[in-house]
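To begin, one chain is listed below as structure tokens, in the form predicted alone.
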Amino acid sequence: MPTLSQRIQDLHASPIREILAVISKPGMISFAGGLPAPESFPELDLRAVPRDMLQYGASEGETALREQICLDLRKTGLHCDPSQVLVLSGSQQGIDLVGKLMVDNGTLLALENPTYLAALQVFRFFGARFASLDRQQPEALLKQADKPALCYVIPTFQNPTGYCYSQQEREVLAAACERQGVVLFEDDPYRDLVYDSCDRQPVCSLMQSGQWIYQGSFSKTIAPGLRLGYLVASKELLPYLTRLKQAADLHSNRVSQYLILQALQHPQRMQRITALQASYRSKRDEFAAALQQHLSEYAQWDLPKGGLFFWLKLRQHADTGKLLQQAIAKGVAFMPGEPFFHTHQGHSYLRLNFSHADAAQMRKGMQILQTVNWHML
């Protein structure tokens, strides 16, 4: 056996990827991964891709795409210029780059608890310690003597809970990060998947000073297989993130960048987004009705105003990891809650995705879930 690096000891398999591998067999109904509906994918004309897109490109990304990203972000209130944009090979790369930039062994990070499990996977790999962020009083954590180096949050349709910060909560967090000199890392992959009125202004746009990183994705509204996302950062941080990307993959896929740009500049882009929102709103409501019919005896939840997930809390303690094994044996998959927590809790929570299954699969899947042993301790 070769001698491997010490950090390999903190390298663990992604729970969601392992579950997705298990459920690939025919007939399995998946409420596990955050998979967009296949019918939502746009028609892409690969014949139109210019031949020069097959050549190496700039690490920062295509100029026209970076300009378009800035144009879109200015409409949200986040004012930036193209020199602050870095195109990513999927937004997961952004988390990896920020981890490399900010985290040494023992570095303290402020996180929501629960939070995105793949972010926890990355930050743990680099040796981070975690502290739970209270969105009502973030400064209580950020000003302590053992101050976090980074605050990682998903304010809009949070994964896994679906919670959306109020405008006041956004303002309080931005001000706290500014006053305490903590770098804010805002992950925002779901903001366009909105079904009910709510505040969605980027927290980073409310910062008048300090250092920040804002990240978005094209996976949820265009196509995840293109593996493209982006981050925008304060001017002090962007050069370091660019060099880290150069060391990782030189540049993101140029063909994907071309196709994404065509989708963003399509004259019917907004009509497509509106139709996508309407479709997912309908799916959310169908899913909520099926939940109410079959699982209300065992769990409680809030109706998400956007995003792709329902977050369930069981009415009595149960090990949802064991429940998952029962459900998979019956042909249904979901995500147990424990991997989303950086503390040792979450046994009585689970996350259900509503975007991928069709109406018939939803109903059948809920009927099956009703039959598992929800009283398993």
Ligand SMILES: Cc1ncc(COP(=O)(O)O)c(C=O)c1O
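Quantities reported herein were computed from a predicted structural model and do not represent experimental measurements. Numbering starts at 1 and follows the sequence shown.
There is also a form predicted together with the named molecule; it is not shown, and the following applies to it.
Stretch 153 to 161 is the contacting one of 240 to 248, 206 to 214, 153 to 161, 192 to 200, since its residues have non-hydrogen atoms within 4.5 Å of the named molecule in the predicted bound form. For a residue to qualify, one of its non-hydrogen atoms must sit within 4.5 Å of the named molecule in the predicted bound form; none of L65, Q68 and S252 qualifies.
In the predicted bound form, R170 stays away from the named molecule, with no heavy atom inside 4.5 Å. In the predicted bound form, no heavy atom of R284 sits within 4.5 Å of the named molecule.
Under a 4.5 angstroms non-hydrogen atom cutoff, the named molecule in the predicted bound form lacks K305 among its neighbouring residues. Shown alone here, V232 lies farther than 4.5 Å from the named molecule in the predicted bound form, counting heavy atoms only. Proximity to the named molecule in the predicted bound form, defined as a heavy atom within 4.5 Å, holds among V87, A128, I95, I260 only for I95. Interface residue among S256, S219, Q121, Q180, judged by heavy atoms within 4.5 Å of the named molecule in the predicted bound form: S219.
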